[in-house]
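Okay, here we've got a single chain as structure tokens, the form predicted on its own, with questions on binding and movement later.
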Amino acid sequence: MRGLRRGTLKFKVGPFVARIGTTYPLLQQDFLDIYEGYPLAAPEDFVHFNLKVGPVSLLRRWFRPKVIADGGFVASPFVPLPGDLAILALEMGLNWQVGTKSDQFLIFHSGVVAKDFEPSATGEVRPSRAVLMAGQSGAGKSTLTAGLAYNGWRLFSDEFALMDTSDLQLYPYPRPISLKNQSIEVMVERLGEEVFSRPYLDTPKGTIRYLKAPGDSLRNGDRPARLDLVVFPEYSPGAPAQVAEFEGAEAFAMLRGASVNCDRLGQAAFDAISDLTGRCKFFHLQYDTLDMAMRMVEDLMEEAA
């Protein structure tokens, strides 16, 4: 708690070190709740992101509290939020910094989970294989990511896929999973209340709760995986299950569309996406239950790997 108040708390999330600070008591409590178990960084570790969250003014600390994230920019890209939603300001601030300041990776806006395989009878170790789940907001990718992450898969992220263009390996970034509205009830029924944050009401996207990252995903937060499967999930209540494969130019365009920083990386990003288009399997999934979607991904990964 003292480190948060002083702005000196440094913790690791995958390949990054973030330094966080806030004097706002409610945010301190929320942060320590959903980030319980994350490894602390050593004093000498390089800090990739600095972020402070505080009241917009002294008056707004106490009267109708309003907070804003501060990443040290001359012109802040962040907007004020009600004090009760301070954790959203922190989460959005971290997301913005990753998306705009991490061009050592090719970044896709997507959920990612990986399957770890047991050694074979001969002792051969199979590399971890990842599935990337992209799509429009509300399509169901975060819920599907959460379901798989708590069902034998390793959570990489529900927000960003981080790829090294030199070897096409994906690197974990296991932050808490942001679940919204109806998906909250689905996952609480499966997992219970203890792995969730408190509810955040009346946000721009409705009700939000954060699902804590599984402990195994945090302990293995430095282990990369090979991408073999790309899916575009679509939750459609009452609709029949459908799996449609696409390839070639269509697959390239869909993956390019999910990239956050392709234009900034230029040729390296184009070559990486081209290689992935030729190597990975691409599918559109339509389903009406989470269990159905999880079975689809399990079956497709079994074929792809």
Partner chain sequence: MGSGRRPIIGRARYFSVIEASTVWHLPEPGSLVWRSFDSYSLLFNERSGDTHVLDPLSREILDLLMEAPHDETSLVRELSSLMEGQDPAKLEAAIHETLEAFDSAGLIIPAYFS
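Since we're looking at a predicted model, the values are computed, not measured. Positions refer to the first chain, counted from 1.
Quick note: we don't show the form predicted in complex with its partner chain, though the next part is all about it.
Is Glu245 close enough to touch its partner chain in the model of the complex, meaning at least one heavy atom pair within 4.5 Å? No, no contact at 4.5 Å.
4.5 Å heavy atom contact, Ser274 to its partner chain in the model of the complex: Yes, Ser274 lies within 4.5 Å of its partner chain in the model of the complex.
Does its partner chain come within 4.5 Å of any heavy atom of Gly257 in the model of the complex? Heavy-atom contact with its partner chain at 4.5 Å: absent for Gly257.
Quick one: does Ala239 come within 4.5 Å of its partner chain in the model of the complex, counting heavy atoms only? No, Ala239 sits far enough from its partner chain in the model of the complex that none of its heavy atoms falls within 4.5 Å.
Can you pick out, from Leu32, Ala249, Val47, Ala42, the residue that has a heavy atom within 4.5 Å of its partner chain in the model of the complex? Looking at the other structure, the residue within range turns out to be Ala249.
Site test, Glu193, Phe196 and Pro199 vs its partner chain in the model of the complex, non-hydrogen atom cutoff 4.5 Å: No: none of Glu193, Phe196 and Pro199 comes within 4.5 Å of its partner chain in the model of the complex.
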